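Only one chain is included here, represented as structure tokens and corresponding to the form predicted alone.
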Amino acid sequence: MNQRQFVAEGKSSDGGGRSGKNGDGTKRHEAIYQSISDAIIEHRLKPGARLREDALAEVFGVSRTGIRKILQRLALEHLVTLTPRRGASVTRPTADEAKDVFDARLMVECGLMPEIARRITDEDAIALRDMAMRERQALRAGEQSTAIRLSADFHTRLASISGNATLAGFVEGLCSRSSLILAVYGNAGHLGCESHDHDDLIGYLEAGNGERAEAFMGRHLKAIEASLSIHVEEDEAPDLFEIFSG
């Protein structure tokens, strides 16, 4: 959705985007959140890039208060960093942070595999295989950001099968941070693992082999981490109108 569409919708639904019905406002804020999130994952907004509230409010035709809430939500997901007096900027993951995130994923996701193997249903397996297939298709089509999101969704859905909502939520947050790390430091056309990894993992879980699934998940996550090429880029002042008007 481009900037003109956001502004047009704003005028029709809430008087120019400054006030209006809660339902319309919530939908528009969700669309703006998704647009900014996509731009970060797609690396159109690079690590360290400043996200000025006034500029974003003008681009999307909403109030600075609305933009501030969206930036706060992105900060909770570690996609944006909020700094006093400097404002918001795209988070720049460090090598230590990347290691911490993948270490946490190893501990949590591997530990969930035995319980998932006990609880997985045929319907779960079908849904997971569909997600794995769409991830492969996105990679073949050169849609790196879509593939990264689908991979994160796969791991989040997998964790939810454990029945532990707290740990599943933790995995979801870790996958969000991993998505940024992969988008910034990963390799185009590849997510650092074999394309059939997710299907192989589903097979072990369907067979009830939690121990083998746990070991496989460990190798899978370590391969992704090992594929990262972490380097430092200079901060930049992005052209927000150009980024969000395509």
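C-alpha atoms forming the largest set that superposes within 1.5 Å between two forms make up the rigid core. So that there is no doubt, residue numbering starts at 1 and follows the sequence shown. Keep in mind the model is a prediction, meaning the values are calculated, not measured.
Note that the form predicted in complex with another copy of the chain isn't included here; everything after this is about it.
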For this session: Among 196-204, 65-73, 52-60, 35-43, mark the stretch whose residues have heavy atoms within 4.5 Å of another copy of the chain in the predicted complex.
Result: 65-73
Seminar exercise, completed: in the predicted complex, the residue from Val101, Ile120, Ala152, Ala88 with a non-hydrogen atom within 4.5 Å of another copy of the chain is Val101
For this session: Would you kindly say which of Ile148, Leu112, Val80, Leu158 lies with a heavy atom within 4.5 Å of another copy of the chain in the predicted complex?
Result: Leu112
For this session: Would you please decide whether Thr94 lies within 4.5 angstroms of another copy of the chain in the predicted complex, comparing each non-hydrogen atom pair?
Result: no
Exercise. Hey, in the predicted complex, is Arg28 touching another copy of the chain, heavy atoms inside 4.5 Å?
Worked result: no
Problem set entry | Ala138 within 4.5 Å of another copy of the chain in the predicted complex, heavy atoms | no
Problem set entry | Heavy atom of Leu174 within 4.5 Å of another copy of the chain in the predicted complex | yes
Exercise. Counting only heavy atoms and a 4.5 Å cut-off, does another copy of the chain in the predicted complex sit next to every one of Met107, Gly163 and Phe170?
Worked result: yes
Exercise. Along 135-152, which positions have a non-hydrogen atom within 4.5 Å of another copy of the chain in the predicted complex?
Worked result: none
Exercise. So with the core overlaid, does the Cα of Gly66 end up 2 Å or more away between this form and the one not shown?
Worked result: yes
